[in-house]
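What follows is a single chain, given as structure tokens, in the form predicted alone.
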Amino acid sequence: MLPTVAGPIGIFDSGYGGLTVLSAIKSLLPQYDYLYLGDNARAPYGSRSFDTVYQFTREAVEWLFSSGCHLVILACNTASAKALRTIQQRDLPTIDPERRVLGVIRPTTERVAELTNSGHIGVLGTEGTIQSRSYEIEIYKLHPQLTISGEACPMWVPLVENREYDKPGADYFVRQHLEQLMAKDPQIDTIILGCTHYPLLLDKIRQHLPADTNVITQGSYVAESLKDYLSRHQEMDAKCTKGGTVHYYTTDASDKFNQLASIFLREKVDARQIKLEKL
């Protein structure tokens, strides 16, 4: 039986990248309680199949629900691309039709048209996110006049998670994929960082782009979208506790998570290790 009393807002990511989203959400909505879960033991998700990402994501969502969350944010582009729609349409009606799972792709695509002058958008993401064409699909629904090009960057998440994102060796991989993206469409003037890990590479990304190129990180857009969602759905807002707390959980060793999470958040983190059902 799922808890029926009010609980924290759940934030899920395959690893650490979702912490950049959590940071933006906490900054805008500090009054809420949050429960962050990183499936670090099975990360990265980027190259995994649709079925595997769906299975892992559903297990994480069910764990967050059982921990008291009525609202869960998939702060992972790969999970949002490969699992969100199935969970929303197929699973929630049977798990609990009153609970909600939201992703990070839609809030970003809603705002992209106002940031481009040329109408040409680039998307940088994991293999899974780019192969799913989720950004193209969502952008074309809202802004069919835009031109979208995607570039998979399979080395970028390992660079971040191995703390190499600010080292000289990262420049090669950043420059390589930016050049490949711009070669696909030289008119691109706005680039979406379609992975929540990528903001840690932002300084290097900007170094290899023209100064007038817009680079979109997702955190602020997701936070603003969540604020709007809660204001429009008072019944869900009432189910979210407001004590200003954050609790962290990981499927990997907690000491390793604490070290890396502290880099993402610039504050001390004390996580607990949990095991998902089929891990």
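If you're wondering where the values come from, they're calculated on a predicted model, not measured in any experiment. All residue numbers refer to positions in the sequence shown, first residue = 1.
Below: the form predicted in complex with a small molecule, not depicted.
Contact between residue 34 and the small molecule in the predicted complex is not found at the 4.5 Å heavy atom cutoff.
Residue 63 falls outside the set of residues with a heavy atom inside 4.5 Å of the small molecule in the predicted complex. Using a 4.5 angstroms limit between non-hydrogen atoms, residue 56 is distant from the small molecule in the predicted complex. Heavy atoms of residue 200 never reach within 4.5 Å of the small molecule in the predicted complex, leaving it off the interface.
Heavy atoms within 4.5 Å of the small molecule in the predicted complex belong, among the stretches 93-101, 205-213, 173-181, 76-84, to residues of 76-84. Proximity to the small molecule in the predicted complex, defined as a heavy atom within 4.5 Å, holds among 72, 157, 130, 139 only for 157.
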